[in-house]
Ligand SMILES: Nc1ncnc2c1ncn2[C@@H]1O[C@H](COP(=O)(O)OP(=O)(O)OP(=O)(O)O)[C@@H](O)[C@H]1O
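Single chain ahead, by itself, as structure tokens, in the form predicted alone.
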Amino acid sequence: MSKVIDVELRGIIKKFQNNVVVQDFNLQVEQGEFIAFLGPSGCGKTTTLNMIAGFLDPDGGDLLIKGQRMNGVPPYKRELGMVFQTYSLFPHMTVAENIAYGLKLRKVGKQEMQERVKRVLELVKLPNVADRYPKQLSGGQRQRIAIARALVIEPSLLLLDEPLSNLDAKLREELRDELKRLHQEIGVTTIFVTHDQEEALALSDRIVVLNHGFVEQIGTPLEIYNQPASEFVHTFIGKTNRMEGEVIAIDADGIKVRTTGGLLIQAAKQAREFSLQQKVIVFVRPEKIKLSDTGVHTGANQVEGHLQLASFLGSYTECEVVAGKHTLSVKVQMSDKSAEREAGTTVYCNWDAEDVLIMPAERG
């Protein structure tokens, strides 16, 4: 069965004066997919979303929704729902009037309008606030109403522009779970803009990582985290230990690298090909490193170091270990007794060869 493509971007380019903010953006979004645009401020993610919404026109390339070319087509003719970072609710209207606004523009009958407003309020778990005004709601409730207003018109495409960024950490987590539940329940094709990697990893079917207007990588959360296409992706998604070095051996077991800080690191066979004496960058995620009190070898790699800092963060302790001329970041789970160690003690860091990623230094 062929896949239905709801949104397609073909070589999209956007400039503001002489500044190119989106460059050769290509993407196909399948029906029912949840896609995240992820990247730092100024990378072009909101600009791209605004082109899909119709608030901006591309300066090059083609934008298609449901197979129809949308270049130059105004937003109200695109049949999509949009949720903004700042809620954008009308303060002089009740919750029900805010939600019904799009239905009024579409001349939906009064009875159907009331039924759809009631249904969508139940969907976002706020069935009893129809008669309240936005100022009488909490920030989380207002964001749910903004989502309800976008969903009530039954759009074929839902666009979310950093809708959780104005909320506190606990509320963000709750609404993130709520968004996931809503998507699973209604299945609307969704494009979500965020600079928060946890949101992107938790919500998305696929993530588009952007950097200075370029697409660095498109993949599933697992692919993006475990098989990054560039150093930027690896360092932007999650925390990592980065060490420069040189390839000193290649054999059936994999690759050996001597780092500039004096460590000998064994890596499993990599997807890329490397050569002897090649300058490389070695990456190891903090959660892949285990700490021990003794020199008993528990992985392909082991280095001795001194615990410099231990920061308790609830579910884990973040440690800094000085080994050679490197300072390694290590995440120790709360259940591990090593989380109770004091700074200044000697420790051993162990990790497997399969947990080492190597990239050519010249790629950057």
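From a predicted model like this one, the values you see are computed outputs, not experimental measurements. Numbers follow the displayed sequence, beginning with 1.
One more form of this protein, predicted together with the named molecule, exists but is not displayed; see below.
Residue heavy atoms within 4.5 Å of the named molecule in the predicted bound form occur in exactly one stretch of 310-318, 42-50, 324-332, 58-66, and that stretch is 42-50. Only one of the listed residues (R258, R206, H195, K180) places a non-hydrogen atom within 4.5 angstroms of the named molecule in the predicted bound form, and that residue is H195. For the options E231, E199, E162, E216, the residue carrying a heavy atom within 4.5 angstroms of the named molecule in the predicted bound form is E162. When contacts are judged by a 4.5 Å heavy atom cut-off, V21 counts as touching the named molecule in the predicted bound form. If you take 202-223 and check each residue for a heavy atom within 4.5 Å of the named molecule in the predicted bound form, you get nothing at all.
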